[in-house]
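This document opens with one chain alone, in structure tokens, the form predicted on its own.
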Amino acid sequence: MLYHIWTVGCQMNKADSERIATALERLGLRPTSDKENADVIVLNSCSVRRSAEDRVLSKLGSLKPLKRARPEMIVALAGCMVGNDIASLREKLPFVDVFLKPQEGDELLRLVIERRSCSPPTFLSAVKDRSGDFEQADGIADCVEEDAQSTSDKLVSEPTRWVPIIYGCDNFCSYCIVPFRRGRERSRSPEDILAEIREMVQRGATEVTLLGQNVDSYGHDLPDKPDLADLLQLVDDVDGLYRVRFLTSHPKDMSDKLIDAVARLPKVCEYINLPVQSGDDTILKAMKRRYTVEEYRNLVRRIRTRIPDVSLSTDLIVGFPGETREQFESSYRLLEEIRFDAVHVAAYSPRPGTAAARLPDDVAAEEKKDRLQRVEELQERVATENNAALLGKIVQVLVEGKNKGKWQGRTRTNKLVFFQSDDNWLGRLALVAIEKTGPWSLQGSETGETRVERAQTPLSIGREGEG
């Protein structure tokens, strides 16, 4: 049997898709990029914006002829579009066999087993603790193809992997649907997280990104109250791992202890995603973000003082209900002042069920488009200037794969780098001399290999802008 997974949305969705894929492969299924030949198709959805939902619905519509021609095909809708009203979804999408809420997968796996007519009867269920992982129950070997178990054991991992450490969110920002779809915050135990990371490393992973809707809240609901800084220390000690990242942070929850951990720990990368969402205090209050612009500025100053070579990215919403032109200009000036390495900007769109959806969507569509375009043009200029400083420098790149004949990977500060080489660089750390820069990527030539994370030599290959 073959499976095909299509994923849209955040990194948490990507991690959920990886877990579903792993569970399916343990049942003997194999991946395919051709959905027309797939026996199982999973669409992992996002509902943060209406445009994301529209993409999913369009994709689902394209599957109706396939399902009609092959009724035995299993079609599953997963992710944040699957809320509590599954009955309504079944009525609207009768050709979908399974609806999976975020972090769920047992119903899909059970259906796959039933379709394969396993004997004696067996089942596969989701673990009911905080981990949210999928595990095999007793007797599952009866449903696994003869050579599938050994194949799964030898599965080669992608060099970079996503590891959820906390599910859900307790912030209830007025524009966000996530707490209603993914629930309240639930932290995984450090033991579960470390066991998963060690298994990933055994399968070839050399970098992990710790994920959470608000990753800085990690551990507050666990018995010993470990925090993210404590967890980073544990992950930093994992043998065979080269790099550690984390996202997404909330400005109100980023502690000095966490900043010090990023500065101190050798494998933790100097990259922080810190969504600001607006540069105006009135709009931030309406968004229920619980910090002020000046508090955000002070946080950035503390980060850059402690980690001078840090790379910062942010998220921004333009056209939030009530946002005046003057308030937008405040956001624009903040971006000019801080000079982020990346800005993810979106025009506001109301999400039914959120507090902001009850506010008048009173910024015209053309005005939103204009504001979004101005931010994109500003960021292109800033990123061009930031990256130009790396011309002629040697940077350390963890190679993730090939793209159009070139190896591609990222620096510790999350800069995308391309270089050509006949050697196999997958999952390795390459030293690359930067010969061409642009706003979104860098081009260069490899000059050697290193596994040194923060070199103590004059050539600081672990940090951009030196060497």
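Worth saying up front: this structure is predicted, and the values here are computed from it rather than measured. A residue's number is simply how far along the shown sequence it sits, counting from 1.
Omitted here: the form predicted together with a small molecule. The next part is about that form.
Margin query: To verify the annotation, which of these, 217, 379, 331, 248, has a non-hydrogen atom within 4.5 Å of the small molecule in the model of the complex?
Written below: The residue from 217, 379, 331, 248 that makes the contact is 248.
Check: Of the residues 271, 242, 348, 340, which one places a heavy atom within 4.5 Å of the small molecule in the model of the complex?
Finding: None of the others qualify; the residue that does is 348.
Item checked: residue 277: touches the small molecule in the model of the complex, heavy atom cutoff 4.5 angstroms -> Close contact exists here: in the model of the complex, residue 277 approaches the small molecule to within 4.5 Å, heavy atoms only.
Check: With a 4.5 Å heavy atom cut-off, would you call residue 289 a contact of the small molecule in the model of the complex?
Finding: The answer is yes: residue 289 has a heavy atom within 4.5 Å of the small molecule.
Next item on the list: Please check if residue 98 has a heavy atom lying within 4.5 Å of any heavy atom of the small molecule in the model of the complex.
Entry: So residue 98 does not count as contacting the small molecule.
Item checked: Partner proximity in the model of the complex: residue 175 to the small molecule, non-hydrogen atom cutoff 4.5 Å -> Answer yes; at least one heavy atom of residue 175 falls within 4.5 Å of the small molecule in the model of the complex.
Notebook entry, point to check: Since the chain is shown here on its own, which stretch among 313-321, 234-242, 193-201, 255-263 would lie within 4.5 Å of the small molecule in the model of the complex, judged by heavy atoms?
Noted result: Heavy-atom contact with the partner occurs in 313-321.
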